[in-house]
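Listed next as structure tokens is one chain, alone, in the form predicted on its own.
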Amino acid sequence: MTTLAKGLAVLDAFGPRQPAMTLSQAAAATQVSRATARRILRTLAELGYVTQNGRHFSLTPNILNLGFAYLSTQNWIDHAVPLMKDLSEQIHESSSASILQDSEVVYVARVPTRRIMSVAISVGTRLPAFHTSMGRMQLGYLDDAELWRRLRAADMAPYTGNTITDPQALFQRIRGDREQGFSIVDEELERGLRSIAVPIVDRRGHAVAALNLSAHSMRTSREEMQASFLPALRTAASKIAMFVN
């Protein structure tokens, strides 16, 4: 199991900032020895998950099989997409669904209408949970001890002048969002970006995902989001929740 964990850590080290790595870089990124990194990368190459070009290793398209295997087991996502399309057409703004992984949200469905972020968002995109509406909505369902653990471990570097970086203030904001049942994040991740999210809750009362609408701050006020976006967003989330096991 330790070897499996190390192999997954190597795969996870690849990303937009490091699409290709040498043995030394892989070892440093995953805190293993060069010999261990060499064995892992050679095994991953034999399995077809990485390819080698000179001194550098990079992922192959086969890695997508792992992600699609997860998506294929989540039937609610298939039902969510047409409901999200209806939602986006009704509100005329982009809609997304994501799940929480540690201190990040991972996008599992996306219906764009306008490009409002400098980063292209698609299925599989990861963003910091503490500075996104979908992240805060799901973090609110954690118990206090776990929420504080993730707060202490998270990178609190500001993205904009509006980014909340004080752990106590974030804790209070997340708990407040949970109580009111929705979260609005106002230009904290990127200037000009305002979003509102609600949870997708299973039959046991657990937030399995979150659903949001995002718009340019010059086009839509916080008050309009709460008055006009929130009812439609809650209706769509309730319909999606019916398909969650």
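All residue numbers are counted from 1 along the displayed sequence. Here the rigid core means the biggest group of C-alpha atoms that line up within 1.5 Å when the two forms are laid on top of each other. Quantities reported herein were computed from a predicted structural model and do not represent experimental measurements.
This protein has a second form, the form predicted together with the DNA, left out of what is shown; the following refers to that one.
- For the options 180, 58, 33, 65, the residue carrying a heavy atom within 4.5 angstroms of the DNA in the model of the complex is 33.
- With the partner removed from view, the residue among 206, 219, 38, 191 that has a non-hydrogen atom within 4.5 Å of the DNA in the model of the complex turns out to be 38.
- Residues placing heavy atoms within 4.5 Å of the DNA in the model of the complex fall in a single listed stretch, namely 22-30, out of 172-180, 22-30, 194-202, 211-219.
- Though the partner is left out of this view, residue 3 does reach within 4.5 Å of the DNA in the model of the complex, counting heavy atoms only.
- Shown in the overlay between the shown form and the other one, fitted on the rigid core, is a CA shift at residue 52 of 2 Å or greater.
- Relative to the superposed rigid core, the position of the CA of residue 20 differs between the shown form and the other one by 2 Å or more.
- In the core-superposed comparison between the shown form and the other one, residue 30 has its Cα shifted by at least 2 Å.
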